[in-house]
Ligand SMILES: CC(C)(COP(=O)(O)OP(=O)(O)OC[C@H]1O[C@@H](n2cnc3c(N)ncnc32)[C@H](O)[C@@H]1OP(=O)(O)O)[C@@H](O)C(=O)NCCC(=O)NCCS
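Given as structure tokens, the chain that follows is alone and in the form predicted on its own.
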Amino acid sequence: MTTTQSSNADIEMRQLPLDFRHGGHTIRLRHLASDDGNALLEFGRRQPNEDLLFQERDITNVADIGDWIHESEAGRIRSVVAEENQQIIGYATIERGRLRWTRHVAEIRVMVDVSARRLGLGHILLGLAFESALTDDVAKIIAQMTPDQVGARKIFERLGFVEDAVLTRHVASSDGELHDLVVMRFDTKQRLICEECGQPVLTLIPMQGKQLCWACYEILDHELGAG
């Protein structure tokens, strides 16, 4: 059953599908479906080349999109998409390492359409993927991005991710230019629990006698300021 809400503070994976309202937009959050191939392909081909650099799969390629859907249906990848007006405008995936010695590691990937990047959608999708990874009881969660993806880095930092490594000249663009790749990590054994929403994070912020995650801190700070 689909529900509708206007706040992103407590969106959880178990609530999906869910319609999220923000700034005049109504966005549906749901699990990836088997018939999403064309919509994903259109989404990928709308994105700037620099945003496609760090993607493991070529989301502008029919075969790669097909493999992604197949892996999701088989349960090897967990995928959530954001949809507006029957058009995919963002997604998040969580994928565990496939080798025996990397099964304790999960990688998060998030991408939001260029037209929807001031709606807080990236934070929502990342939070859903993060929750999904933690329920799998992994020891380490990683995310990869290029150094100029400042906005993405800030979102990960607010969840408690820290820089793990910088791989120099590791990513090649379509014109052959080489770029650095930043790897960020979250060690789940170090996680703390927000006393407001119950979400696990690496760092907490004290406010009014409680230890809060960044999202709850911002909400309370706004409420106090507005009052």
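Keep in mind it's a predicted model, so treat the numbers as computed, not measured. Under this definition, the rigid core comprises the largest set of C-alpha atoms superposing within 1.5 Å between the forms. For every residue, the number given is its place in the sequence shown, counted from 1.
Only in words, not in the display: the form predicted in complex with this ligand, which the text now covers.
The partner is absent here, but in the predicted bound form a heavy atom of 158, alone among 30, 179, 57, 158, sits within 4.5 Å of this ligand. Among heavy atoms of residue 36, none comes within 4.5 Å of this ligand in the predicted bound form. Among residues of the shown chain, residue 79 is not one whose heavy atoms approach this ligand to within 4.5 Å in the predicted bound form.
This ligand in the predicted bound form comes within 4.5 Å of no heavy atom belonging to residue 103. Within this chain, residue 88 is remote from the site of this ligand in the predicted bound form, having no heavy atom within 4.5 Å. Residues of 57 to 95 placing a heavy atom within 4.5 Å of this ligand in the predicted bound form: none. Once both forms are fitted on their rigid core, the CA atom of residue 210 lies 2 Å or more apart between the shown form and the other one.
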